[in-house]
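Starting off, we have a lone chain in the form predicted alone, written out as structure tokens.
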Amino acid sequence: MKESRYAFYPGCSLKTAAGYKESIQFVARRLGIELVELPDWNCCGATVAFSINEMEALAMAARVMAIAESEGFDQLVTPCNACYSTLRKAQKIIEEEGITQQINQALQEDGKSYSGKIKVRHIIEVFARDIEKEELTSVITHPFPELPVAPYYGCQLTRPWGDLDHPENPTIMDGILEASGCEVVDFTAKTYCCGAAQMVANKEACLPLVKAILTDAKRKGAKAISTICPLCQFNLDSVQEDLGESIPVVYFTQLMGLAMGGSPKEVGIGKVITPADAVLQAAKGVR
């Protein structure tokens, strides 16, 4: 293992995400990883704040990273694609425009200071890159190869950066699911946009986007979809009745947790909207 202790930024949506927090904590414990939640953290601003006032948006994101730095960390981990993208975007803008001093003037009122040395990472990168495959497979006690799973990445994990995985055809989640004993289904829509926050204001415009993702996954033989972002999970899960669809959308950490012997309650699998019967049946079959 490369590292075992990380600053953890949950983001605004984690507490209401359908079992994501529980499953992350369960998997981290099984892997010997300590995720230290930042004290007094604030919203990163997401994409909306940048369209209103860029300097304020940058300061919001910088404050989160400044807290991690002040706590003595050099790596900041988040489970949300939007948070991950927003924090990295803020870092890049602050560095390229040379406005660290201006940002710190804004943070000074709160007693914070940002140096730009913190590395922002997605939780999936920690589980996939900082844990050796042998370490992961050693705690997999209940694999369920009879469950075909389509890994849905969303559009913000690998784009625009392209340094974590292939921008159009990422496989980082595929490796984790395979190591956990799942059958991975490769499908074209794995990086399609689900509509993100537009689902709230423009639901009708987003429904075709979600329909395309769900339909492609099912057409390729998937019995469940695995995702890595609270908003992606909610969008794919919450509108299935409107679309006449029914395929469980769970977090990759929930599948990992079940494969590690965790109960449905321990990994929050019962909190999804679309019944996860296929997942639970496959997991039950190996218990």
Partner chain sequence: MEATGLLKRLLELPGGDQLLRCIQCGTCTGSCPMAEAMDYGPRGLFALVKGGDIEEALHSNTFWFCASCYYCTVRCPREILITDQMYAFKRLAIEQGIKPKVSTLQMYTAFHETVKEDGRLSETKMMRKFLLGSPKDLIKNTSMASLGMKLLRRGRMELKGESVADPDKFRVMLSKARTISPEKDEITSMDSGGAA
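What you see is a predicted model; the values in this text were computed from it and never measured. Residue numbers count along the first chain shown, from 1.
Only in words, not in the display: the form predicted in complex with its partner chain, which the text now covers.
- By the 4.5 Å heavy atom rule, the three marked residues 121, 148 and 263 all fail to count as contacting its partner chain in the model of the complex.
- Interface residue remark: residue 79 is not counted as part of the site for its partner chain in the model of the complex, having no heavy atom within 4.5 Å.
- Proximity of residue 233 to its partner chain in the model of the complex: non-hydrogen atoms within 4.5 Å are present.
- Using a 4.5 Å cutoff between non-hydrogen atoms, residue 212 does not count as a contact of its partner chain in the model of the complex.
- Not displayed here, its partner chain is approached by residue 241 to within 4.5 Å at the level of heavy atoms in the model of the complex.
- For the options 164, 126, 196, 179, the residue carrying a heavy atom within 4.5 angstroms of its partner chain in the model of the complex is 196.
- With the partner left out here, its partner chain still marks one of 139-147, 71-79, 167-175, 126-134 in the model of the complex; by a 4.5 Å heavy atom cut-off that stretch is 167-175.
- Along 35-50, a non-hydrogen atom within 4.5 Å of its partner chain in the model of the complex is carried by 40, 41, 42, 43, 45, 46, 47, 48, 50, in order along the sequence.
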